[in-house]
Structure formats: C-alpha cells, structure tokens
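Okay, so here's just one chain, in structure tokens, the form predicted on its own.
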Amino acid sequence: MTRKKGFYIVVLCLITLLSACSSASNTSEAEGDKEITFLSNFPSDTLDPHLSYTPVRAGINETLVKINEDLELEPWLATGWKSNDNGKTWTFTIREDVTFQNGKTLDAKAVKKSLERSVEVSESMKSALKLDSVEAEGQTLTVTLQAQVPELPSELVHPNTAIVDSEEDDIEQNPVGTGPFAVASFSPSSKVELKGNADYWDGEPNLDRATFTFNEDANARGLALQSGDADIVYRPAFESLDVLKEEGSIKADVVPGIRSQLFLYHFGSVFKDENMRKAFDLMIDREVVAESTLAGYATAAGGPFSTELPFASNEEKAFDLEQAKKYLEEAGVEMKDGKAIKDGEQLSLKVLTYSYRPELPLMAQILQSNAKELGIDIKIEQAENIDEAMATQDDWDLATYSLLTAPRGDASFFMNAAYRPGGYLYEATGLNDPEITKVADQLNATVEREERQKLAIEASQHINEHALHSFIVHPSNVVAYKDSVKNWVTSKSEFYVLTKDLDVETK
C-alpha cells in the first residue's frame, strides 16, 4: 500500500466516523421531539388557503372568526366586530401582537390584501362575502359590502377566508399564515410536513413536528393506526372500530356531525319535473343507507340541516316504491314489460359519484337497485373532481354529494350556495325556484336570530315539499387515535384538527 493510498483510507474512515456521530446526534435530537401523524381522507393538491380547507385543518392558517363545539362564534384573529347599518358596513378589530410565520406583523392592511385575494381566486367566496370595498388603518379593518350581510362574521369562519401573507410568492405550495404550524414540505395529494411555530401568538405549540397525510382507503387508514404509521386517523373503516378499540392502546371518538349526504338533481334533465324528483326521493331508504353504508354511524336526514342545529327540519322521509311509481306516472312514465318508458324509451339515467367518501358510491348503488325494481336503468360514473364534473358536464342526471350545510352554525351558506344565482351549486345544477330564492334573499336581509331560524325552517320545508334536493343522512364524525395522544378534540365542524394544545406522551 502506498503512503498516499493509506492517507485516503484514514481520511475516509474519519469522514465515515464523523458522519455516524452526526447521524446519531440527529437521531437523539429527533427522539426528544414531539410529533404526530394525522391520516385523513381529505386529498389536497394545493395548500392555497383560499382554495383548500387543509391549511386551516393543519394549523397553518387562521380565520378572523372561528366556531366552537357549541357552534357559537368566537374571536380568533379578530378580537371584535360591529355593524351600525344592519350588515352593510362592518368594522373589525384585528388582534395585536400577532406575526406571520415569516416574522411580518399582522395588521389590517395584511388582512385586507388577503380577503381581496380570496374573492379574486374563489368564486364561492366572491359570492358569499359580497365585498365592495375594504379599508385598513392600523388594526382597524372596515368592510363595505355590495348588499347587507347580517351574518358576515359567520361567513368569515369559512376556511377559504383564512388569512395568508399574500405578498409571498408560493402560496400554493408554502402558504405563510399565523397558525401554530408552518409548512416544512408539501407533496400534493399525499402529505404536508409541518414544524411547530415557536413564536405562535397564542403560545408555543406542544408538538415540534406533525405530518398531515392522506389515504382514501378507510381500511388502510385503520391498519396504519394499528401498525404505528399514524397516531390519529379520521374516518377509519366503521366496521373495524370495535377491533381497533380492542387493541387497548387505541381510543375512538364518535360525535354527531353537521354534514349532509345528499342527491343533487340536474334541472336540465328529466328532473326539472317535480314529480320525477318526488319519485326518486321515495326510492331512498335512509335507515338502510345509514346502517349499510355507515355502519349506523349516521342519522336519517329529514332536510338539509342536522338535528344538532336549532333550525333543523325534523321531517320523517318515507321509503315507498309504490308511491314512487305513482309520481313517475304523473311525470309521464309508462310501465311496460317491467320497464319504465319515457318518451318511447326506457328511462336511463346517469349518476355522478366520487370515491374519497366511500359511502357515496354505495348510496348510488342502493338507489340503482331500488330504481331497477321500477324498471329504471341507472348508470354510475365515478368523477375524480365532483364539482368540476357537475359544472362542465351536461349529460348527468343525479349526483351524490357531501357537504357541511351549516359550517358556521347558520343556514345562509347553504342557502346562498344552492338557491341563489351565483351560488356554485345553483349554477352546477341549473336549479331555478323563485320561491326558495326569495326565502334566501330574506334570510340575507334578516338580522334577528330567531327570525333567521324561522326562515331556515321555512326554507327546509319548501325544499322537502318540492324535492329540490334529496337529503339522505347526516354522518357522525368518527376518529380513532392512540392513547398516547393528548388533548385531541373531534370537531363537529371538521375545521380544526392540528391545534397548539395537541400533545403526545413521549417514551
């Protein structure tokens, strides 16, 4: 061996040794950190808070107002608000001593830019907020609207109104917010790696790191919890809950949800006929759906709003194929040789559905089976993006859908989205019912809460009477997690997941 060669071998050994020491040091340091992996069924191909709920759920961004578990409004980045003209002009006081994760101070000017960006990139926020002008001075934000919005603070609970530093370039991949966690890395539709924000305005978070990840397979989510690849799992396979709880080290929460699963009708199809809609509403056995698709972790829906809400319509919806047949006949359908004939041909319909809520395709199959008994042929098509499919395709007749109809404890969100021109569901379905639009307009102009609740009940009754949509079930929120996880709260609103208080026991 030459002296030079020997020298290189010694250097190589030293480098290897130093590398090993460094690695051991990093491992030791990492072992002292607190971290959690949250596994959900929510895919997200962007972290733009004005287009995705994930940044609020992951604790990256925050809204001016939040909703608590009693579905009441609470201050968040705004400490207070008022309107002296029944909701046309609003003044918000922005919280002092809050900084973005890049060190910039949160003031009214930053909030103004963020809200203006929200209505620029999101049609639904443009429709909901109705901004005319926004003025900022210090910590005071003055918002003037195009029309009265008595419940504007509840609209500002919506995750797509979250405040972001809009001067940053890469908002889709790395939004800068004010929350307890900042983005470390993002893999679209896969995972978000997060780091604790030590300068968080409401106190340093308990966790040093967190991973917010996704898998649409409910069984895989449960297995990930059992194997230790996840600490918290949103919506594991319902049939596996008892098995998970038998593990001893796993807990499960089941809380009533405020989400609705429903069938939307395309009013550009045969469903412009009210009798046709009423017929299909009677083809849905809601109790069977709750048991067979959600293992009983749901309640039959008597209208758009969960019974957790004070303005719910608690009507009992029937399952009656004989009565459905009578409505079909009223709609011009003739029964021949076991087939439902409309305009000389067998009635054949397309149902759009999507898979990341696995009960929805099953609901479509149950409807398909019941409709077949009446001689109706239903074809089911899976859509990758249900909103895009409904908005861009004209050849569908029904669609399964899932949404929080009252995400801020108020009916106005759903009423505006579904029953007023400009609402994204209104435009997608082609629904045009002047009476329900009138009620939605009245709701928007009404300040007094009890009167608003009466209008919401009136709206629900009209929706049911004319079968504008068919509401099926209100699913429960089900979460399973390791018993080492501390301070976890299963949120009715589904908005708040990773919080500063979330903690984990270290061994």
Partner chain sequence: MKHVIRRILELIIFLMFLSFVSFSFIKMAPGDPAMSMMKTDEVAVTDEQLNQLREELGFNEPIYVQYWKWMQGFFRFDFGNSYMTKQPVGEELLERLPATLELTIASLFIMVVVAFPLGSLAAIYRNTLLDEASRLFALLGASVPSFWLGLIFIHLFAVELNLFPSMGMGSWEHLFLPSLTLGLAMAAVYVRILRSSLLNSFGQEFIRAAKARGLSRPRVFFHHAFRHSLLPVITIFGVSLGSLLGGTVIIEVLFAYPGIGKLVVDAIMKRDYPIIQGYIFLMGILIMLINLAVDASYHLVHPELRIREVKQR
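What you see is a predicted model, and the numbers here were worked out from it, not measured in a lab. Numbering follows the first chain given and starts at 1.
Below: the form predicted together with the partner chain, not depicted.
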* To do: Name the residue from 235, 158, 277, 266 that puts a heavy atom within 4.5 Å of the partner chain in the model of the complex.
  => 158
* **Interface residue in the model of the complex among 477, 46, 446, 464, criterion: non-hydrogen atom within 4.5 angstroms of the partner chain** => 46
* Asked: Three residues, 363, 369 and 458; all within 4.5 Å of the partner chain in the model of the complex via heavy atoms?
  -> no
* residue 298: heavy atom within 4.5 Å of the partner chain in the model of the complex? -> no
* Asked: Heavy atoms within 4.5 Å of the partner chain in the model of the complex: does residue 123 have any?
  -> yes
* Asked: Do residue 416 and the partner chain come within 4.5 Å of each other in the model of the complex, heavy atoms counted?
  -> yes
* Should residue 427 be classed as touching the partner chain in the model of the complex when contacts are defined as heavy atoms within 4.5 Å? -> yes
* Asked: Looking at 63-71, 47-55, 448-456, 477-485, which one sits within 4.5 Å of the partner chain in the model of the complex if you count heavy atoms only?
  -> 47-55
* Using the arrangement in the model of the complex, list in sequence order the residues of 374-389 with any heavy atom within 4.5 angstroms of the partner chain. => 384, 385, 387, 388
